[in-house]
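There is one chain below, alone, in structure tokens, taken in the form predicted alone.
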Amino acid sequence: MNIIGPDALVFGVDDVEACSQYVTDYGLEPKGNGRFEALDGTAVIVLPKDDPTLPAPLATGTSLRKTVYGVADQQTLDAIAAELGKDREVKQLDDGSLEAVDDLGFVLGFQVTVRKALSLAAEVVNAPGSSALRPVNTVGVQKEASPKPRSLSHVVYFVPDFAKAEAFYADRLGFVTTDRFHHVGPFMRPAGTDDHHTLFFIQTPPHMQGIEHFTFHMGGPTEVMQAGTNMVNKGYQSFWGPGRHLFGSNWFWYFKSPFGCNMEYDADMDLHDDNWTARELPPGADNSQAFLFQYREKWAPMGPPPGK
């Protein structure tokens, strides 16, 4: 099935104002009616938790109420409706999108994708021996910058049975497992993208089921660093990073959010096709990142560093 990836994440929250301010500070563009978009039109939708248009919440009370996947065309929508309709209700909403529930209770939406094609420069590194260099007299970084998220990258679920979740997305929706952590869960991508993953499962007790984090792609590691620094300067709490993952190779920086989950910036994720063989590693710090930094305030080497 030609599923491209997540088009939108729909939340029902206690504090709409705080969540709206957070995603605006993160770099998403307010579009009205609780919708906040990245440059390609993928989005986060923030609604009050009692909004009557929202699907019912999970028993755990997680704020994520729906993950909306973009697909290539109407033919793919019809195929999804036929497949999932074999054993569960598939609703067709007024906007033509579909809504169904996966085997663990997460509500899914499917629509012909809203993603707009982007034509934007990416970060280029000047490295001896490389033919791909920045043009002469073009600087690599600006002191003041407010980089914008380009595209909704992936979502991570806490689940009580990752094997059951993996089987549903593989067998019913055509997702492929690219890598996995032993006894924790798989990284998965749908057929319509080469991104290392758009979905990752983490095994947890049932009372924790819900969203663990979500993220948008940035234009490169410098944008991750600058966007993350801007968040710190606005008073938000850094949770993990900056650093670089091993599975996916993506640069990352995670922050605590008022959604009750973490929100990440990422950049430079690996691309894989069907010739890729999934790797398996035990979980732990050594396999979660190649390296990890810790943010500190700026200083200049004209005296001892802060705290000395």
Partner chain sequence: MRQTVPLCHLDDLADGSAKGFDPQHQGSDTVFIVRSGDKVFAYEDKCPHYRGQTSLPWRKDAYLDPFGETIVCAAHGAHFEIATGLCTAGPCLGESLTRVPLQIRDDGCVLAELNDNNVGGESP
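Positions refer to the first chain, counted from 1. Only a predicted model underlies this, so the values are computations on that prediction, with no experimental measurement involved.
FYI, the form predicted together with the partner chain isn't displayed, but the following is about it.
Novice: Go through Tyr169, Phe162, Phe181, Tyr236 and name the one with a heavy atom inside 4.5 Å of the partner chain in the predicted bound form.
Specialist: After the contact test, the surviving option is Tyr236.
Novice: Give me the residue from Pro48, Pro30, Gly260, Pro55 that has a heavy atom within 4.5 Å of the partner chain in the predicted bound form.
Specialist: That would be Gly260.
Novice: Counting only heavy atoms and a 4.5 Å cut-off, does the partner chain in the predicted bound form sit next to every one of Asp14, Met208 and Glu212?
Specialist: Yes: each residue has a heavy atom within 4.5 Å of the partner.
Novice: Although the partner chain is absent from this view, report whether Phe175 comes within 4.5 Å of it in the predicted bound form, heavy atoms only.
Specialist: Contact check for Phe175: no, nothing within 4.5 Å of the partner chain in the predicted bound form.
Novice: Might Lys256 be said to contact the partner chain in the predicted bound form, defining contact as any heavy atom within 4.5 Å?
Specialist: Answer yes; at least one heavy atom of Lys256 falls within 4.5 Å of the partner chain in the predicted bound form.
Novice: So in the predicted bound form, is the partner chain close enough to Trp276 to count as touching (4.5 Å, heavy atoms)?
Specialist: Because no heavy atom of Trp276 falls inside 4.5 Å of the partner chain in the predicted bound form, the answer is no.
Novice: Any of the heavy atoms of Ala18 lying within 4.5 Å of the partner chain in the predicted bound form?
Specialist: Taking the distances in the predicted bound form, the answer for Ala18 is yes, it comes within 4.5 Å of the partner chain.
Novice: Looking at 238 to 246, 35 to 43, 66 to 74, 264 to 272, which one sits within 4.5 Å of the partner chain in the predicted bound form if you count heavy atoms only?
Specialist: After filtering at 4.5 Å, what remains is 238 to 246.
Novice: Within 264 to 292, which residues come within 4.5 Å of the partner chain in the predicted bound form, counting heavy atoms only?
Specialist: Heavy-atom contacts within 4.5 Å come from Leu292 alone.
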